[in-house]
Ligand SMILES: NC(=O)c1ccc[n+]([C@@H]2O[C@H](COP(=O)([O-])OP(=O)(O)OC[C@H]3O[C@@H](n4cnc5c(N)ncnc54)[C@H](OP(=O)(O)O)[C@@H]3O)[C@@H](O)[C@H]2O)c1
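Here we start with a single chain on its own, the form predicted on its own, put down as structure tokens.
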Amino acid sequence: MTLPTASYLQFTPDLKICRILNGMWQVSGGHGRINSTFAIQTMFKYVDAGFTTWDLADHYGPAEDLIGEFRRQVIATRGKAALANIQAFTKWVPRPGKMTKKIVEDNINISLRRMDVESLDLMQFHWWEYQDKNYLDALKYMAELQTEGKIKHLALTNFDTEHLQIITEAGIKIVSNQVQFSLVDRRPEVNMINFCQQHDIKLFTYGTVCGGLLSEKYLGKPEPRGFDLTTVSLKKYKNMVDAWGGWRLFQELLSTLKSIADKHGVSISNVAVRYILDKPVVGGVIVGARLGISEHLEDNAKVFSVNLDAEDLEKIDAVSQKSRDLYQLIGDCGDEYRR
């Protein structure tokens, strides 16, 4: 399996990425037990299939350690030059509080050591409390570490437009923001996309297949209850579906997506991902990788063969117009974590 050229994006001058990122939240627990040996074997399959870009975080269980071991095995079996084709984007999610250069550097050093890299491709910063303005100090120190070569690029996770603007106006160069964005949650379209277009910031999106709810598996099925939702992702995104419009409207969405998917010879998930990939400033969609448990490589590759036409978009938007306004209900991107 070879992915077409359009599967890749020159994200920064030094980083060419796959537009479907392999999400490693699934190794953090709550998605099934991960065997590290099988996981690393599977990582080779992903990269060989063309899915070269990984999204992880300091708190995703062993994710950073898996990247480190994977890199060592790549060097041992394929030589150091092979690492040039692999990108690993991590996150730092500190507890709010006073930030010093030492605190920031110590934490960056932990990620460098765990991932076995000299410089982090992308450090995506998340901060829980906007009232605590120390996030600006943390970012300024990270910018210093970027100058010193420990970080290649600075990014954010789940920041809203208002605080993205504050950070930008403080002179800190941000290349991307990671936000929830799907056919169910279209809040980035309200303010975030416009701001990012003006400031050359890309979006990496998660929740785009709603933890697997946006798939044939749930089409025509009764509403799942607590014990049916077997992963933390399914629980999380079922709550989002409930807020958005409920199971009946979600079935209408799935039915609409199925008709579009059949027309193009692909899956519901493919259509859901393609729709978001086609949005302005979206650099890539993060699709969870349950390493060694379930793989969707061949299906994910089909995303890049789909071209949604005006009729497809009209059908999707007609369903979306019946939903509740999540921006009014929840707030801007990331606000669901800060209420």
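We number the residues from 1 along the sequence you see. Owing to the predicted nature of the structure, the values given are computational and were not obtained by experimental measurement.
One more form of this protein should be noted, the form predicted together with this ligand, which is absent from this view; the next part is about it.
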Quiz item: Can residue 215 be called a contact residue for this ligand in the predicted complex at 4.5 Å between heavy atoms?
Solution: yes
Quiz prompt | in the predicted complex, residue 188 touching this ligand (heavy atom, 4.5 Å) | solution = no
Quiz item: Just to confirm, residue 53 within 4.5 Å of this ligand in the predicted complex by heavy atoms?
Solution: no
Practice problem: Give a yes/no on whether residue 195 approaches this ligand to within 4.5 Å in the predicted complex, heavy atoms considered. | Solution: no
Exercise. Could you spot which one of 287, 306, 47, 282 gets a heavy atom to within 4.5 Å of this ligand in the predicted complex?
Key: 287
Quiz item: Pick from 236, 263, 152, 101: which has a non-hydrogen atom within 4.5 Å of this ligand in the predicted complex?
Solution: 236
Exercise. Would you check whether this ligand, in the predicted complex, lies within 4.5 angstroms of a non-hydrogen atom from each of 206, 211 and 337?
Key: yes
Quiz item: Where does this ligand sit in the predicted complex: which of 236-244, 71-79, 141-149, 108-116, heavy atoms within 4.5 Å?
Solution: 236-244
Quiz item: Which residues from 145-160 come close to this ligand in the predicted complex, meaning a heavy atom within 4.5 Å?
Solution: 157, 158
